[in-house]
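Shown next as C-alpha cells: one chain only, the form predicted alone.
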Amino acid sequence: MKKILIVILSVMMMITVAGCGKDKQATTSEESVKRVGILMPKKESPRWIKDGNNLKTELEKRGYKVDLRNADNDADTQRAQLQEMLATGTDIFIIAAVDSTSLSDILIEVKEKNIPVIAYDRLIMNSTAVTYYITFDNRGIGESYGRFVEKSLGLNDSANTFNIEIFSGSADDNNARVISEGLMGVLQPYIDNGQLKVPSGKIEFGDTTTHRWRKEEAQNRMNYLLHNVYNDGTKLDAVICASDGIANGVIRALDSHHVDSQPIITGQDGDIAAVKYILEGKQSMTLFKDTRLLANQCARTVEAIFNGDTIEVNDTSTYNNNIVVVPTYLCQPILVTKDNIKEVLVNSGYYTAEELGI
C-alpha cells in the first residue's frame, strides 16, 4: 500500500510540475510579444480611420500586440491615453498628435524609460523623446497647391489679375506651417507683383489658420467672407484649402450662397467626399496621401527598431522640433484631378468604383 501511495504522489507531483511549466512557458511567451501603442487624433475623419486601421493591420501581421486609441480631436484626452498606455506597459509609441506641443511633459517620462516614439504624420514639437518622424512631404504639398493654382490661372502666361483666399491648417500642427511655407514660396511673387490679390487681406499664416482643421470653422469663415468681402460682386478665382475637410466647409458655404462662378479649390488627403466633389466639379484637386504606404513604412520602422537594424530615413535636416532635428522618412503624395481618379484611386484598390459612384 505504501508503495502504491508513493507512486500516486509521485505522478501527481509530476503533473503539477508539468502544469506549472506550461503556465510559465505561456506567460513567458506572451510577455515576449512586443506591445505597440498607437495614438490617432480623431475618428470622425475617414483619413484618420484608415490610418489607424492600416497601422494596426500592418503591425499585427508582424506579430505585435497593438493598442489603438483615438482622441476625438481633444488634446487632454490624448494626454490621458498616453499616460494610461505608459502605466500599463508599451514598448513603442506611434503618435499622431492632436496638439503638437501638448505631450512634451509626458514624453519626458517616456524617454526616461527608453521607449521609442515615432511621430506619425504630425511632428511632435519641443521634445527630445521623438525618435523618428514618418510623414508625407508637407512642403511639397504646399508647393503642389501653388503650382496647381499657377498653372490653372495661367499666371506665367499673362498679366491678368485674380482674387484668391487662403485657408491654412491648424496653428497647433507643425504640418500646417510647413505646407504654408511651401505654398507661399510659389505664390508670394505673384502677390508681390499684384497678379494675385487677397481681398480679405489675410495672407500671413497666423491670419489664415483653421483650428484643428475643422470644416465647420472653414465654413463659418467662408460665410463671413461671402457676406462681408465678396458681397459686392467681386469674383473669387481660387480658394487654397490645406485639406479636404477645409475644402468641404468652403464648398458648403459657396453652395449655400449660390455662388455662380466656380473658383479653383484645392485639398489634400483623398477623402471620399472630396473625390465626389471633384467628380461633380466643385473641388479642383486633392493630394492623395496613400495611408497604406505610410502605415507600411511605419511598421517597417517599428520592426527595424525592435530588431536593432538600420532605420530607413530620407531627410535628416529639415524637421526641427525646436529642440532636435528629427530623422524623417517622407512619403510622396499624388496629385489627383477628375482626369486620373480611376487610375490612381480605383485601380490601386484604395476605393471601389461603386464607392465613388463611377
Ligand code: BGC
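Heads up: residue numbers just count along the shown sequence, starting at 1. What you see is a predicted model; the values in this text were computed from it and never measured.
Although it is not shown, the form predicted together with the named molecule is what the next lines describe.
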| query | finding |
| --- | --- |
| Site check R47, D121 and W213: each within 4.5 Å of the named molecule in the model of the complex by heavy atom | yes |
| T208, heavy atom within 4.5 angstroms of the named molecule in the model of the complex | no |
| Residue contact check: T131 to the named molecule in the model of the complex, 4.5 Å heavy atom | no |
| Touches the named molecule in the model of the complex: N175 (any heavy atom, 4.5 Å) | yes |
| Non-hydrogen atom contact Q268 with the named molecule in the model of the complex at 4.5 angstroms | yes |
| Candidate stretches 39 to 47, 320 to 328, 304 to 312, 59 to 67, one within 4.5 Å of the named molecule in the model of the complex by heavy atom | 39 to 47 |
| Heavy atom contacts to the named molecule in the model of the complex at 4.5 Å, residues of 273 to 310 in sequence order | K289 |
